[in-house]
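Only one chain is included here, represented as structure tokens and corresponding to the form predicted alone.
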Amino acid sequence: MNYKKLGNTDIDVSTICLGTMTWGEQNTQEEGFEQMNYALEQGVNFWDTAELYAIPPKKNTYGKTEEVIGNWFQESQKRDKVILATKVSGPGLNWIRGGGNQYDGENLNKAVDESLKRLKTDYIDLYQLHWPERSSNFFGKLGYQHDDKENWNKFEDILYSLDQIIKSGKVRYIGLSNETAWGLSKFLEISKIKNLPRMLSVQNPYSLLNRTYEIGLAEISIREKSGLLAYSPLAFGYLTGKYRNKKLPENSRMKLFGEKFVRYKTENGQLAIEKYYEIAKKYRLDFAQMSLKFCEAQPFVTSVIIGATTMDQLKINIESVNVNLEESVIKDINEVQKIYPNPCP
């Protein structure tokens, strides 16, 4: 396994992060336990979850994934072996604390306490804001629509509340998710000026089909040591090749929930997938492993979040750290990016 520092801390996290959002929906608790046991044995010490999970978000599965992890901690007694990341949900879901803005002191404290209870632990290593309270271009949106009349918690107030939570011992470090370059830079600026906790990571989408992170956020991540935790590195499985030729395997995410994730169904996306598939075939690489390794190799990436519904998928994904991508592979990948730039943002 490979490791990188989490932000400017001395914590070493595996460059493969165990994603968990299927536990409690597509995966049972027993299967989640099996994944956690195997991942830890392979040196994966970094796990990511959220209060919102399982995915897709539903009232009756809210918090289920954290409960699975908590039950494993209780049974295995291995909480100290894991760097655990979770997220507080942003606004918009009425079954989560009424659905309004979530990042004031009261809601943040309530969310942390509820996550700790489900996770059966007394601390969270990395606590992330799942998505901005302000309207911005995240979750596949291109372009920005400004609204002067919006109300959202000031960054300084959010950082102050998180500072109090950190001082209580319930959270060690903080990070962002689905954030923009402006959002990350403002959080970092305020934390520096006001001597408040700094955001150590940004969990955003990044894959061969969506390299938009490189445009504005990559430089900030490197210079400020606030690295990317890349989610959807396989684009919901499209970059494994299993959906080629319009196939929809039984129990796959796109078969079950495809109508909720249309961003991966663009015409140029399908054309790009074929080009990337041919590159993997040309160099005798596993398509999924090539796709994951490309992400892991980027200097602005701290860790790549994998999500598997079967043990075979999990093993293939974790093994990607041992793949070597020659310069010719990278060159061919970049040529496809020029023809089909970010077809599935």
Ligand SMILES: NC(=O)c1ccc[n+]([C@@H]2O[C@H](COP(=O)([O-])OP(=O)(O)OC[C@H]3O[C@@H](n4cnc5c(N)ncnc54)[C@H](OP(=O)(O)O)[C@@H]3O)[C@@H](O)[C@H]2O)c1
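In this text the structure is predicted, and so the values were computed from the model without any measurement. Note that residue numbering begins at 1 and tracks the sequence as displayed.
The same protein has a further form, the form predicted in complex with the named molecule, not shown here; the description that follows concerns it.
Task: residue 53: touches the named molecule in the predicted bound form, heavy atom cutoff 4.5 angstroms - done: Yes, residue 53 lies within 4.5 Å of the named molecule in the predicted bound form.
Task: 4.5 angstroms heavy atom contact with the named molecule in the predicted bound form for residue 245 - done: Taking the distances in the predicted bound form, the answer for residue 245 is no, it never comes within 4.5 Å of the named molecule.
Open item on the list: Taking any heavy atom pair closer than or equal to 4.5 Å as contact, tell me whether residue 21 reaches the named molecule in the predicted bound form.
Closed with: Yes, residue 21 sits close enough to the named molecule in the predicted bound form that at least one of its heavy atoms falls within 4.5 Å.
Open item on the list: Please tell me whether any heavy atom belonging to residue 307 falls inside 4.5 Å of a heavy atom of the named molecule, as the geometry stands in the predicted bound form.
Closed with: Judged by the heavy-atom cut-off of 4.5 Å, residue 307 is in contact with the named molecule in the predicted bound form.
Open item on the list: Partner absent here, but in the predicted bound form, which of 273-281, 308-316, 56-64, 37-45 has residues with a heavy atom within 4.5 Å of the named molecule?
Closed with: Only one stretch qualifies here: 308-316.
Task: Contact check for 9, 300 and 321 against the named molecule in the predicted bound form, heavy atom at 4.5 Å - done: No, because 9, 300 and 321 lack any heavy atom that approaches the named molecule to within 4.5 Å in the predicted bound form.
TODO: With the named molecule left out of view, choose which of 121, 101, 71, 178 has a non-hydrogen atom within 4.5 angstroms of it in the predicted bound form.
DONE: Of 121, 101, 71, 178, the residue with a heavy atom within 4.5 Å of the named molecule in the predicted bound form is 178.
- [ ] Consider the chain as shown here, without its partner, and state which of 186, 130, 170, 198 has a heavy atom within 4.5 Å of the named molecule in the predicted bound form.
- [x] Only one listed residue qualifies here, and that residue is 130.
Open item on the list: Going through 185-224, which residues have a heavy atom within 4.5 Å of the named molecule in the predicted bound form? Please give them in sequence order.
Closed with: Contacts from 185-224: just 203.
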